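The chain below stands alone, shown as structure tokens; this is the form predicted on its own.
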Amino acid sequence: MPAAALILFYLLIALAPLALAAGRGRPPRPVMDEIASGMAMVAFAILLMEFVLSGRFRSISGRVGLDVTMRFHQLLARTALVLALAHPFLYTLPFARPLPFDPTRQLTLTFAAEGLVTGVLAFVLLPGFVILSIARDRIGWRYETWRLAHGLGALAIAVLVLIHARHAGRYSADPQLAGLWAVLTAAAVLSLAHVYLLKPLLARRRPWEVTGLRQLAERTWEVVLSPRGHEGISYRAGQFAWIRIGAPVFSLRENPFSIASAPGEGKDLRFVIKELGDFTATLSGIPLGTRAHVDGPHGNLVLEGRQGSGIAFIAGGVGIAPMLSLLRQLEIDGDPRPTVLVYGNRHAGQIACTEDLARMRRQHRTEVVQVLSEPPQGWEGERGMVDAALIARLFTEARHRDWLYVLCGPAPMMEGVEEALLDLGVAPRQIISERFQHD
């Protein structure tokens, strides 16, 4: 399913309520009233479809990519917010007042108690919910706490809107539209059940075990997981997985990490993980043999199906993890294309996997460009940031326009690199990236 097909399908579902409402042939109301109802219906359809986008379905995340999925998720969520907040102010007909030209009361806006109370609650809760989602990194919530609040909060708002629509909506009580709301609500609930019930149950049948743990750099560790009683997972270089280590299978203590090993290396999975204050702060104390669970693979930061006469890997910090997977697989496959790795860190103590990088430079002839913003005395690599000036200097030749560029790291770095590459004439389809955090 390409990204264009996902977007088209999503838009068709979002607009379906308008088509069903128009097909009922009800007497027309003032234009602004019809627009208000249409905005409300589209907003509700978007809200319910958001559950599917975040349902961690491999057919979406593995083919479209986390970046496209999450950006689309956020864009449509904000669109739904604007539509939902604006629609009650557009009605022109009076509420609960019989109109002399409307003896059948089909044009009169009335609210039963259920419709009024639930509508007001949803109207108040929705903007706060979206704002908390945007600002989650600033308010200091643990990821697990935010994740639980996000899922339950979205479900509560969806239920409130469903009741409001059925009791206050002019069209939503019609069988066809009521049926659509029932189907979309069921899809939303099933998406939650898929993440919080089905996936943990499947993971419990395919356990993993911590078989390796070593420090790679300052606050950065390599964790090796081995399958126990099964054949592991089939994945592509560059993908990621959600993992639980030392936690019950239904625990919310689960985080996404890029797989740093290559598919051709065997069944074990290697992850490069940085201590960030959540469960990762306990990495150094994890004993070998600890039970783990893996949900994956996900993501589309892969080389399959993409063309490039050369490949540039541009990483910052632990963004090196998927680059290691991709480079290791290229080395195993004997891929002859030229490769360049641009790897940025703050200081030398943060450089991870130096032995792997030296081997790739020696055996696969990968050009490794180390960049430090706080270099020590005698540093022979690049100084400063991975920014537009550096990218322009490294990839200024005409042949570089046909290369494939793989990006992973802090969002500001990736945004700057993307702009720099586009300014150099690189086609957007030649730039792939994946983020684990979005505003």
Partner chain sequence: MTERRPPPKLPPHTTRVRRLALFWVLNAALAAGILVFALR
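Residue numbers count along the first chain shown, from 1. Predicted model, so just to flag it, every value in this text is computed and none were measured.
This protein has a second form, the form predicted together with its partner chain, left out of what is shown; the following refers to that one.
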Site test, P256, I273 and E397 vs its partner chain in the predicted complex, non-hydrogen atom cutoff 4.5 Å: no
Could you confirm whether I7 comes within 4.5 Å of its partner chain in the predicted complex, counting heavy atoms only? yes
How about I46 - does it come within 4.5 Å of its partner chain in the predicted complex, if we only consider non-hydrogen atoms? yes
Would you check, heavy atoms only and a 4.5 Å threshold, whether Y171 touches its partner chain in the predicted complex? yes
With a 4.5 Å heavy atom cut-off, would you call E382 a contact of its partner chain in the predicted complex? no
Contacting member of I391, I60, V42, L372, with respect to its partner chain in the predicted complex [4.5 Å, heavy atom]: V42
Residue among V159, V189, L83, L125 with a heavy atom within 4.5 Å of its partner chain in the predicted complex: L83
Give, in sequence order, every residue of 69-86 that has a heavy atom within 4.5 Å of its partner chain in the predicted complex, or say none if there are no such residues. F72, L75, L76, T79, L83
